[in-house]
Ligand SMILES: Cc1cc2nc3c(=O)[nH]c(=O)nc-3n(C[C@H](O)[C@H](O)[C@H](O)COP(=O)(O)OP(=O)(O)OC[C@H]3O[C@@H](n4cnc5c(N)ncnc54)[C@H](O)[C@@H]3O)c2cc1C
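First, one chain by itself: the form predicted alone, in structure tokens.
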Amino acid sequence: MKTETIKGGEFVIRETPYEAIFIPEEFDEEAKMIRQTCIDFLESEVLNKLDRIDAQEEGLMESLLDKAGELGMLGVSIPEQYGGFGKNFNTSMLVADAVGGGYSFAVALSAHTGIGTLPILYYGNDRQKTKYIPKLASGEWKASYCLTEPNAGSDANSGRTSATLNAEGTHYLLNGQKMWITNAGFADIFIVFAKIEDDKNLSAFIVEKEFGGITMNPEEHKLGIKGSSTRQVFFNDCPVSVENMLSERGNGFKIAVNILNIGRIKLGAATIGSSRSVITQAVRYANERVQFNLPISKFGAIRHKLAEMATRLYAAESATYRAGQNIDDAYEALIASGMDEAKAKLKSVEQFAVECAIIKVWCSEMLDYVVDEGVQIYGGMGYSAEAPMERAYRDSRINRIFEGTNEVNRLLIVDMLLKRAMKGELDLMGPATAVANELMAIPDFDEQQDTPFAAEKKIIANLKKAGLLIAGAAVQKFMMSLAKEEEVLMNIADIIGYVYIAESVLLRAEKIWHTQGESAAQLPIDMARVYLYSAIDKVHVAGKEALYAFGEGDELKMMLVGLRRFTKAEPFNMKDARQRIAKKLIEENRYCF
């Protein structure tokens, strides 16, 4: 069935048919082989060296990246003309997922293939791409990304690193300091952001280590990802040829923003692989650990934890690959319209920047939940550095800070949606007004359609109405000052995010039901319902907090009545559903969904 391509952010106001989404079960054999190659590489080359990697044994990480390059792992989405495999965006996401369980190695590889390589691939001219991309794809050269400065974290465009044209007009001299630079200790290529003269926006440069004028502080001592090289980098009259400016003068901030969109969704994919590994370890430990003459996997409290961990992972995975395919579909449509390939890749990701931000936030928080419960299932051993949960727990924490903090990303979710509405790209006010009018009308007491998933779809539609009700009221209340009401914006972002993830996992279950049959869909349906019913409560709480923050009098009472109406559902036995999910995990002795 051919369906109309959905726009980024449009899920808020439009029902998506299951036929329109991609689910991980649909990856072809070639993609599965690429994924298996990555998993095998972790098993044979990385997971048996974790202590050595964390100790930053000299040359080890570089050698691992070299070996990964030989297998083609660094060039999956690089065009064939530059030595890559030329695979689509969702396949590159699958690679990020597959290596996600590789701890610090996953960080090094993702930084190299993502923020280190993609700025040149997407913004470089033919000469720059021909010179640099083949060596980055093979791993001969390692890449790093220099954006963050000591006094410019979330406000990246306020960076003070300067680029001054020399008297001959042949080179820019870079001067400044960058910090938290991943792969800095062994990078050959740095993507550096600096301001020329009094420019408002940053410019970007491709800087080779051999250019000179580059010094570094020792490796940072970090809470987690200890094996990832993280240094401060100083540029002291570092000479960079004018030919090595990336894109146009003043285009650096745009480059940074667009590359971060890709980084966000790729980070989400990586947390999926990490979570899958943690859940498998937790299931196996629960089956092995005996207390009161029984494996602890027999106890309801442990089963609740395992099922909830698996459910949150399954839901996050559903949303991640749904968005990845949306990006691929948008790219194909742009190419068909005659757009240049590099511009089409950027534009397609930019279209789904809202979804990228949601996935970054929900996946990173999902992983934090999973590793925390993993430690709890291990009990005292979970706190020991001799067991695997300690490293997983520490390494997970950075993901809520990487690629823009989760607080910043929550604000971006709402900001980007409202800006698109103001530009006329999304009609948010029409549906929001319709919801407000619905509150004044007699409630709809029509009997629920007796069709598969009708009740759940009604819940999703009502949760969207709850979001529109609160967002519309907030816009009317605060107008142009809404951007200052960050607590309210984060409440609205929570509603939007939970709706997107809940809808994604429901659509996945529905698609499995239609394509593989009712039996194959039973546990996916259980997970979809468990997540959805949890989301109902979370939407209600977020909505109530937002309304309490700005509502008054009778208007507040009316909106609270509306919120209750839109977050109402027939009872569902979540306990029994979780028990069925846990039973399958325990029987398989691994994460098996």
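One rule holds for the numbers: they count along the sequence shown, beginning at 1. Model, not experiment: these values are computed from the prediction.
The form predicted in complex with this ligand exists for this protein as well; it is not shown, and the discussion that follows is about that form.
- In the model of the complex, no residue of the candidate spot (Met366, Gln376 and Lys575) has a heavy atom lying within 4.5 Å of this ligand.
- This ligand is not drawn, but in the model of the complex it has a heavy atom within 4.5 Å of Gly153.
- By the criterion of a heavy atom within 4.5 Å, Asn201 is excluded from the residues contacting this ligand in the model of the complex.
- Though the partner is left out of this view, Ile335 does not reach within 4.5 Å of this ligand in the model of the complex, counting heavy atoms only.
- In the model of the complex, this ligand lies farther than 4.5 Å from every heavy atom of Ser348.
- Listed stretches are 161-169, 267-275, 143-151, 119-127; the contact stretch with this ligand in the model of the complex is 143-151, by a heavy atom cutoff of 4.5 Å.
- The partner is absent here, but in the model of the complex a heavy atom of Trp180, alone among Phe253, Tyr331, Trp180, Tyr285, sits within 4.5 Å of this ligand.
- In terms of contact with this ligand in the model of the complex, the residue from Val370, Val414, Ile225, Leu94 that brings a heavy atom within 4.5 Å is Ile225.
- Contact residues in stretch 230-246 (any heavy atom within 4.5 Å of this ligand, taken in the model of the complex) are limited to Thr230.
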